[in-house]
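Okay, so we've got the same protein chain twice, two forms, each given alone as structure tokens, structure 1 and structure 2.
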Structure 1
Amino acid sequence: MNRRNIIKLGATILALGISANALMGSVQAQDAPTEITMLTMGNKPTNGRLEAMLEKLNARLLEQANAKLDLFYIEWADWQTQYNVQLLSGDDNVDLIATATDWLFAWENAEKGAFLPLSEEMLKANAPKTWAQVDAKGHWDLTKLNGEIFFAPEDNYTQYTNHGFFYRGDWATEAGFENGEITKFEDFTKYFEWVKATKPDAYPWDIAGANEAALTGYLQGHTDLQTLQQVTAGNYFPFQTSEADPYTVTSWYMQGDELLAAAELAKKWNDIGVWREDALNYDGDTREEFYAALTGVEQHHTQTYLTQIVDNMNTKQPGSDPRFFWFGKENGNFFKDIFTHGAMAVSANSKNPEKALQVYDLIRNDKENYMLFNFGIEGTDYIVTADGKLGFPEGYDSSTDGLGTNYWWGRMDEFELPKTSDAPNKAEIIAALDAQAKDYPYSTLIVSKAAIDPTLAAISGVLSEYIPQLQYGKFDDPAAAIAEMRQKLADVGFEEARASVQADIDAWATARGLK
């Protein structure tokens, strides 16, 4: 309110004898709430539960911050492309942006100006609880680019998101595996052959769309190579180091014989008929097919197995004995989650960045808001059992009744309850992972991508031409295809890009006294 209007308001107060406090309170009460939109990942639910939850949450946010929240979804179909296009579109209708440094291109989008730099003063003023918690753990440095903070890390939540195969222990037992336990990646050939021969309604591995798990799952368990999560070429991670030589950049796409061994195994699986002929173009829901006994394998990570797969399979396929084979199980080549596997940024185009941070702080740190946003309405979406576990009402089906907020960007251990739907052996699985998993050594490495972005785009084009076909075993001569791919990668400047990343690692390691 400018000075002239204040004078006019004072004159009105004197003329009408209205209390100044009452009038100013009335003016403030009429201020429209700020609409904040959070971009998240996943298919928007259509069961009405999201809208019902938001009605209750927004009533609280109106009181706490005079704000309301809505969600904008990047759906799973072609999500990598759609996510980056949305972030660089200049859309000022999105305020909070779900991100991650290992799968959601956080550093790339920060460099390209999609995220607002967040000063300490701004965070302390508008997200004070988040600031204090992350600061106490010393994790703000994990979110800095050129000395500026670009997102808040999900650094106070325990999980494993290392990938692998979900499979059926009952079928594996019948296929000849002792106690239904598969311990080597290539042993899935035997399992797949059994499913193909005895389960005519099921694919051994029904898989949808672009994927490379048939390659990377093998590579993880048969090398000591560790992927640099900071550098992507389209949907691919082209650079690795080895555990034996952690400061030298290499690539399993360009060096070694293991990619050929993986591709030959994939060809064998294709010849068996492990997946449908048009798998690359298939877009069905293979998770639901796993629950319906229409596929012998489904692929995702530990957290999904522990919190969804076991409960759903035990309910929908009693006696199926769901199991999890994580990639790298043979040699311990897998990592604990990094603290920026989930993170929350503020859009550089947000009209209300301060208010966006206030809303994020309230969702992350206010227990009642947190419970609403993560689990929904008590009694409808969840219940708390007499022994303090989070359960679900009778008749609840997580695959159709889920809340669907997909809040993977600021979860807090102190607000999480043990769930009745968690795998009974959850603690045992976590303990086994803890005993083997490595700490990712490059969390503070920032790769200077601007100079190599055109080359990375060209690398992406080559990999997109060959990797899906190698994954699905479609080349008659995998060795010739790999040689041809490697030549094309060399022709578009792969070595120059590798050398640039190597220079970044050299500088990073030297600054920390590592080499």
Structure 2
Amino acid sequence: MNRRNIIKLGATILALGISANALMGSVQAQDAPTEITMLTMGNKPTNGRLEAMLEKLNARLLEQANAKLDLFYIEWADWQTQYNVQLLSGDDNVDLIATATDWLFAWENAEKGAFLPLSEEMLKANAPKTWAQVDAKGHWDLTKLNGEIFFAPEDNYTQYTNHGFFYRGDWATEAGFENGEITKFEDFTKYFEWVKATKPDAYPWDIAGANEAALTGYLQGHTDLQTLQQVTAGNYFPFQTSEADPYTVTSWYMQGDELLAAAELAKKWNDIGVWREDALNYDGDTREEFYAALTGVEQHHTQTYLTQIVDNMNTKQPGSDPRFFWFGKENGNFFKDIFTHGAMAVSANSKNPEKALQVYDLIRNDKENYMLFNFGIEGTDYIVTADGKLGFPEGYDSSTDGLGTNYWWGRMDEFELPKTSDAPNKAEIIAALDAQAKDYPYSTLIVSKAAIDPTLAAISGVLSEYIPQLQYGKFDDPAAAIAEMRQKLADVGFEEARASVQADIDAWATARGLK
């Protein structure tokens, strides 16, 4: 063999070796499972139950879609900022993003390009069951911005998250309410006075930090104004329409005398000593205080009442007869949950958007996956009782043993079991709410906020100065304070912003033939 041939042979062997390697490599790449990361909300659990569940779930996902799922948590401390900054960072390690239009800035982030627009073909090919189920209800329209779908709605799960007061039926009875039932917002004055006089250890209503329920609770029950959930100025919702005139934008902060009436009631409550003098700087856990009979009222929504309050109160304060007064109970002025109170988006930076959709479809629609992801491993994380209810194994402590997947982005009624911890009067409460609640009429309305963002920031600045003080009755002269606030709001361009939202509503109503 001459030298040239030897070189040729060597080169051939080398080439073969390289291409074989490359071939093997590509075969391996095809076989390697795709890792999908889901961004969710909550504190990452550390009890090992999540990992144990994921091991089981991933074995199934591997088989069904050659994929593995991992969770990325936005923890509760400072969650609004953390969530938005995480989306802003464009991290390509996150594939699925939990979102919501009313509390997780879904529209803002879709507008800013954090989410991948999802084409019909893509959804049909990769999330066929989700596509079909949402399509059958005609709900894809609720997730469209400029004609493109941006997330899958949690539209097949019944819950109410309308807010109100939890209070104690036993105390209300003693305070002189028939059957312990409080039916009007201002009647809480009587309840508070009674708590103040007879329960020296308890605050009538202990609140920690900024809250505006004393105002909005009153306004909801005493007007027919309905809040536009699409526009926020900081923590406030500055724009409303009225039921009588649903296509004219107004504001309860700017118009009418009801705000003053609410502020005067709040001042009365402050003078009684309903909350701590320094409520704004207090940051205790008032839910736990309610369980310990240290506060007469706790404020949150129906779902919390049905799944936590009743069960905890019945165990920790037997005989306390926990009740729920929802805001707008007087006049039926409250909404059913919108279908995008929870939703799932795909990150614009995801390297495997198709696979991400496949995984979501499998979690949302495969019962075994669903049970694993939502409730964990049967026997260790949950049990099914003889009467078909979901309960917990003996020795299970919900405060330390929680699974913590916090999957609120695509729950399905048909896979949910009634829970042993559910309120016994759940059906009754839901029926009462169903009888009164209105459908939110503006689900498909998109408000373009880009133009009014700086104005909303300025409005937020003014409201965050005045509303907490009005809520806690801290102004000696609420009428003067409200006048001052309205002047300031006008100065920063409130009317401009209102007119801009009005233009969006006009266009929307005209396009739908509503006006």
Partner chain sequence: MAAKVPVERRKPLLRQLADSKILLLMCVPAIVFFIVFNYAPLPGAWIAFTNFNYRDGIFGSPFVGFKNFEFLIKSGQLWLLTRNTILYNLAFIIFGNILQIAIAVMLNEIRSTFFKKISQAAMFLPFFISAVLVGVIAFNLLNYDTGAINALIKQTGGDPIKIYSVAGIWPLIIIMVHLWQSTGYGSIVYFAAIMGIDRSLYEAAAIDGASAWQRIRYVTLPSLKPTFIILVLFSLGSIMHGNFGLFWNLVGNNAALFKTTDIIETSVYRMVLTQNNFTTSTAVGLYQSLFGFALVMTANWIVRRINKDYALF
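FYI, numbering is relative to structure 1, first residue = 1. Just so we're on the same page, rigid core means the largest C-alpha set that superposes within 1.5 Å between forms. Since we're looking at a predicted model, the values are computed, not measured.
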Which of these two, 1 or 2, is the form predicted on its own?
1
Of the options 157, 211, 267, 202, which one coincides with the hinge of the rigid rotation between structures 1 and 2?
157
Work out from C-alpha fits how many degrees the smaller rigid part twists against the larger between structures 1 and 2, would you?
13
Check the Cα of residue 348 between structures 1 and 2 on a core superposition and give its shift in Å.
3.9
Quote the shift of the Cα of residue 395 between structures 1 and 2 to one decimal place in Å, the two forms being superposed on the rigid core.
4.6
